[in-house]
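Let's start with one chain on its own, the form predicted on its own, as structure tokens.
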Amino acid sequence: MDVKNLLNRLFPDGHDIAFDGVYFDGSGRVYGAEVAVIGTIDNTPIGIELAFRMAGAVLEVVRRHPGRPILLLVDTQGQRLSHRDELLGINGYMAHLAKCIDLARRNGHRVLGLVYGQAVSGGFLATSLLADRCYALPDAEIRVMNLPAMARVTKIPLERLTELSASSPVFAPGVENYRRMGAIAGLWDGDLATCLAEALAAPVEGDPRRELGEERGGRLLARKVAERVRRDAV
């Protein structure tokens, strides 16, 4: 979906969003609530400069607008894969961005993620997957690692991974698979302003992703294993 059309549908009361290349931020109004907005366009990779800028935008909201909700609009092909970024420590920049989002949550900011384009790898893991709740549009694309790359890392033959992906959402890309695993709380369609308002008003109590994954048949053991680890650690 075109991001400007998306913003108009999310914020019927108007918005003040400034675009600078592939990056944008600002604020929007939905049913009387003011929401900070941070996002990217054009499936852009997140390099060190963009990660640092996004982190700064989160800290600016915390500093200047205590308690204001933050909406992360996600359209990224992941962290930028360049020798320069690796040498400059992109892992540290991505970790800094993740910690800033966590800081906002700990200081009373409701943080929501909405995948409207692509969400891939570290660009997804360090942003909207750290939000209180992450949502997606039905036609979004989500994957942490494609099957050929997964085969290279795990040394499991691609044919075997392809076979597993047919029955297990853990191995398969796609919005519906991530919804089944509980990573995506729900899909937004139709009246997007109402979807946003309801998400802002919903109570946030802990992390329900393991429970959702079990209920939806996407992650059948995560909750049980986590509970066993906590019990045995006492």
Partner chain sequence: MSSYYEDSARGRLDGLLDPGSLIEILPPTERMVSPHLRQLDTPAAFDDGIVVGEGRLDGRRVLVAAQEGGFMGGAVGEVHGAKLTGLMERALDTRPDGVLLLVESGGVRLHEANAGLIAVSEVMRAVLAVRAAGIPVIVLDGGTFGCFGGMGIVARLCDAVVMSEEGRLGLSGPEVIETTMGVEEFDSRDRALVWRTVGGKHRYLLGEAATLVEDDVAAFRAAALALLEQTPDLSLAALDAEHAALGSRLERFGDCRDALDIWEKLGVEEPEKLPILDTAGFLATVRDRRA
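On a predicted model such as this, the values are computed, not experimentally measured, just so you know. The term rigid core refers to the most C-alpha atoms you can superpose between the two forms while keeping them within 1.5 Å. Numbering follows the first chain given and starts at 1.
The next section is about a form of this same protein that is not shown, the form predicted in complex with the partner chain.
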Contacting member of G32, G206, G190, G67, with respect to the partner chain in the predicted complex [4.5 Å, heavy atom]:
G206
Does the partner chain come within 4.5 Å of any heavy atom of L200 in the predicted complex?
no
Can any non-hydrogen atom of A131 be found within 4.5 angstroms of the partner chain in the predicted complex?
yes
D42 versus the partner chain, in the predicted complex: is there a non-hydrogen atom within 4.5 Å?
no
If we define contact as a non-hydrogen atom of the residue within 4.5 angstroms of the partner, is G92 a contact of the partner chain in the predicted complex?
yes
Residues in 84-119 that come within 4.5 Å of the partner chain in the predicted complex by at least one heavy atom, in order, are R84, E86, L87, L88, G89, I90, N91, G92, Y93, M94, A95, H96, A98, K99, C100, D102, L103, R105, R106
With both forms fitted on the core, check whether the Cα of S82 differs by 2 Å or more between the shown form and the other one.
no
For P157, does the CA position differ by 2 Å or more between the shown form and the other one when the superposition is done on the rigid core?
yes
For a quick test of reading the superposition: does A201 move by 2 Å or more at the CA between the shown form and the other one, rigid core aligned?
no
